[in-house]
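This text opens with one protein chain seen in two forms, each one given by itself as structure tokens under the names structure 1 and structure 2.
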Structure 1
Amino acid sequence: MSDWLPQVASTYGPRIDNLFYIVLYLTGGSFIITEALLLYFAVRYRYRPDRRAHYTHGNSTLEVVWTIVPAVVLVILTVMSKSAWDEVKHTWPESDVNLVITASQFNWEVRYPGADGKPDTADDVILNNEMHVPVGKPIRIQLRSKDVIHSFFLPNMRLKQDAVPGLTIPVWFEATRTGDFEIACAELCGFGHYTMHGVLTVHSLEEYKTWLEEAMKSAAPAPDAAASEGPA
């Protein structure tokens, strides 16, 4: 059943998948049971000419049970989700791979710090709809938008975050396998939304170093960073 999800390729991806399946099984099972009972009662108590309606108060014990059980399940799911949420949203691992990604209609601009090691300077390496990272290292991203709200989505990394004009939002992931993966926009951002698509390439560490060295040698002078970021 897990084959219908995109292949997971990040360190925190399996935890997110496990939570997804737990919620899916609980809600799916509840839906099937509820619909089966609905069908049973519809048939069991269907209209008959010789049957008379009568008032019933119900069953207080049963009402207490079906109130408490879902409440307990929701509390357990909240506790389980919080640790995963904290790992994804409230941690910022140390790393020497720090990128700035700026969304615009309908493009992902990816900036790598140049030889000075600082982002938003003239020697940055800039790619469009293309991203290269090493496997096994945290990738730290400062996410921005020039114009409207976009949603930076890496399905295989189980990472999705809105890019909001005027804000710089930190996100991170650590890839666990090499290969090419999709970069998508998950927010309807205009008529060309469907074209806002890129490719994330995860290299081995040595391949990434080689790629970065070549990219720095061939990089053209970067435009002013403030102009790239858009309105604050």
Structure 2
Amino acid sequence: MSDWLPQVASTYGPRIDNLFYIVLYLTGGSFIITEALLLYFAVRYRYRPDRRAHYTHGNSTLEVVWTIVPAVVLVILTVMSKSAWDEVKHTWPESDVNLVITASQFNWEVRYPGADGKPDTADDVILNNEMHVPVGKPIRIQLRSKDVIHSFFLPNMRLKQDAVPGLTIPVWFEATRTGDFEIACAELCGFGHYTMHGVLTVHSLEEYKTWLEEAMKSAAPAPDAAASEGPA
């Protein structure tokens, strides 16, 4: 069961996975109990010509119990889930890694501010469908779209956020392990939807620094050239 979800590699990922499994056990338990009762009643009370069904219109106590119990369980579940939601959506941790990702048909443009520290300037490092981040550091992303709605999906990070034209949407994650992971688009964005496929490489901090220095060196003179060099 634990290998259903792809390997988790972000700080809040395990919290989301835990909630997934809590819901799974909760619904799995309810599933087994209700389906078992259904099956048992169906077999136990199957038609017998000499039997008469029990004449009853219900039971108010039972009715109250099976209204209140699920309601309480679901409210508790909501309250439990709220903090995970807040962590993902309502925090914006301080970070040295601030990226701008712009989606378009059918490409993820990943932009690192250059030496001036500001995005959208001439010295930006621009990659396409390729993203490099350090492990153990919060990564802040401003997500934009040029044309239609896309959805920035990092399965291993448990991150999914629509990129909406006209809006800049902040998202963040912090990777907990190094390696290559996949970037996908989760919102139908046209005929090339399935090709919006990229690679996220999580480096150790030193590796990342080296990579960034190299990238900035080659980006500085001709940012447009760097953009077209990215693997499509």
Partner chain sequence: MSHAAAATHDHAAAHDHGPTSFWTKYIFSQDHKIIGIQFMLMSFLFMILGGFLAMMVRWQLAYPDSAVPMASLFPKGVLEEGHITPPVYNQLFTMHGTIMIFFVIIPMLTGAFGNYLIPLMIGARDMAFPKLNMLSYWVFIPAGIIMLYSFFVPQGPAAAGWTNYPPLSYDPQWTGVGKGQTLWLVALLISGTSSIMGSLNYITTIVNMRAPGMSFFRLPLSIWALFVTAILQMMATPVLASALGMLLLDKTLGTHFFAPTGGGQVILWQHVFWFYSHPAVYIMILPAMGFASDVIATFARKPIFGYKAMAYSMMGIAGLGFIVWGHHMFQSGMNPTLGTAFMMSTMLIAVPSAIKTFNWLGTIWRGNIQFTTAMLNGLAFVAMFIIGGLSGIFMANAPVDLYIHDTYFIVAHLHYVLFGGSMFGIFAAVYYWFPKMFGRRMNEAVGKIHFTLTFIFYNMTFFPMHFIGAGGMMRRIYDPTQYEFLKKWQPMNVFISHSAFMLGASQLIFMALFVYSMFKGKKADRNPWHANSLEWVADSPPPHGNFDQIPTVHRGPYEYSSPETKEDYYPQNAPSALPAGAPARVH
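Residue 1 is the first residue of structure 1, and the numbers go on in sequence order from there. By rigid core we mean the largest C-alpha set that fits within 1.5 Å across both forms. Since the model is a prediction, treat every value here as computed from it, not as a measurement.
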Subject >> Matching structure (the form predicted together with the partner chain), either 1 or 2 >> reply: 2
Original post:
Has the Cα of Pro49 moved 2 Å or more between structures 1 and 2, judged after a core fit?
Top reply: yes
